[in-house]
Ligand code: GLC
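Presented as structure tokens, the chain that follows is alone, the form predicted alone.
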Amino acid sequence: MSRKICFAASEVAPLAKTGGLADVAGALGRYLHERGHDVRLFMPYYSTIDLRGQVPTAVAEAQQVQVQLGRQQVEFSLHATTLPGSDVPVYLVHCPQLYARDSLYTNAADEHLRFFLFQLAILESCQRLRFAPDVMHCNDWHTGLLPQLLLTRYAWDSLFARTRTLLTIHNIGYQGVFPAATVTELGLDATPGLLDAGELSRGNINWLRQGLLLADAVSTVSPAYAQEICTPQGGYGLDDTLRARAAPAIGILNGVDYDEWNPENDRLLSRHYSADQPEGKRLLKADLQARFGLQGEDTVPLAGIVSRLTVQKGFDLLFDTLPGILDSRPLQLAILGTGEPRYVSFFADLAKRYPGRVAFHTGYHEELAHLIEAGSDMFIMPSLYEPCGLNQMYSLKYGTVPIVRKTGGLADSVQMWDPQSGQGTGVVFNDFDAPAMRWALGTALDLYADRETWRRIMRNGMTRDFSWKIQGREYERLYDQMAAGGS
């Protein structure tokens, strides 16, 4: 059955992106639209938005709308565009005083106002468009107050009488915690019974916790992560709220956009290949070696890293392991990323210490990201935690064997190679410590030395299907369940 879906996200690829949320919003929005659902994406109209040459049009019904933001009135206007290369509708909330910033997210004193307006604007726009969603799909803390607003400030409007709220957690480490004084500032104190007393006693309001308390259903981006966030170790202080819900969080693994990430037709690669015709991968490895100044035969294993360089990604495990591996085993490394200074320094120093064997490109470069995925033999993702992760699924499709820690979406998408059954798609280790990391790297290098085994692992991964055609159906089933009154 066709559903009306209001999809609220602070970022949508390719218009604006800092992480996986944007990829999900863009790709899932396309999938739902192709399936015949009336899906409408809402996001702020940032000054840094990449419209790919499109010119948004003003929505006549929602121009110069005045909303009460605490003690002040703020004006927004709604503009409409589509996802590039599609006719998926995207509505942009235009308010230059709040969104004309150098970055999507800030540490400014009005950050709470920026995203409170965004949520009010979504509901005000739905009213003016007479769009009655079956499901209000909220994403992360930036939209965590939408369930509360529907139960309070907009409860009078019969337009939303049948609207159910779904809150998807993309990373529970980011929660939108603001001083308790903002409760009064935003007028949220009119219904104190809906506010978490524990947070208020600590002098805070936690937008993500409020969403978890009041949303009709909660999901997250992999089955394993859905379990991990209900534990003290993985819940970042919200595990008690998740465990107290009548229905558990639902884990739906993110899908991969194979229109963008597929070695058979990747527009950013000079050559193409497949599981049945893999020759192009060897040639792309040579291209990658030349591009990064890596020297040596193509028989030397080449490991890639494309990542934000943060503590979450687990690169602390490489400090005491990579130098020893490089000193004792044949290995090349191609690294692309930016982030915390200590990781940037580590990889930069490693490149200086092992010239011709280790290359580090700081920053992010889309073409290089695709070349590393295609040209590498293996891909390193030792995450401390990983809600879903996409690079390991890209790697599988590109025949680049992932080396991952067993956590979150990595655990759900990569299976340890089993020589007895011939099944498995990568190397998976459990413990977050240097010995486990050293074992994983050594095991990968040993497997690589057996070319027949390595080709089998590559093929196993390349034939896995993590497309949105598979994963999107899980969301459709959840929407149907919610619309029928379940969660």
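Start at 1 and count along the sequence shown; that's the residue number. Everything numeric in this text was worked out from a predicted model, so none of it was measured.
What comes next is about the form predicted in complex with alpha-D-glucopyranose (GLC), which does not appear here.
For the options R164, H142, K281, H170, the residue carrying a heavy atom within 4.5 angstroms of alpha-D-glucopyranose (GLC) in the predicted bound form is H170. Listed stretches are 113-121, 309-317, 351-359, 98-106; the contact stretch with alpha-D-glucopyranose (GLC) in the predicted bound form is 309-317, by a heavy atom cutoff of 4.5 Å. alpha-D-glucopyranose (GLC) is not drawn, but in the predicted bound form it has no heavy atom within 4.5 Å of L15. Although the partner is absent here, L242 is not a contact residue: none of its heavy atoms lies within 4.5 angstroms of alpha-D-glucopyranose (GLC) in the predicted bound form.
Taking the partner from the other structure, alpha-D-glucopyranose (GLC) in the predicted bound form has a heavy atom within 4.5 Å of a heavy atom of G389.
Heavy atoms of G472 never reach within 4.5 Å of alpha-D-glucopyranose (GLC) in the predicted bound form, leaving it off the interface.
Residue N254 is the only one in 249-270 with at least one heavy atom within 4.5 Å of alpha-D-glucopyranose (GLC) in the predicted bound form.
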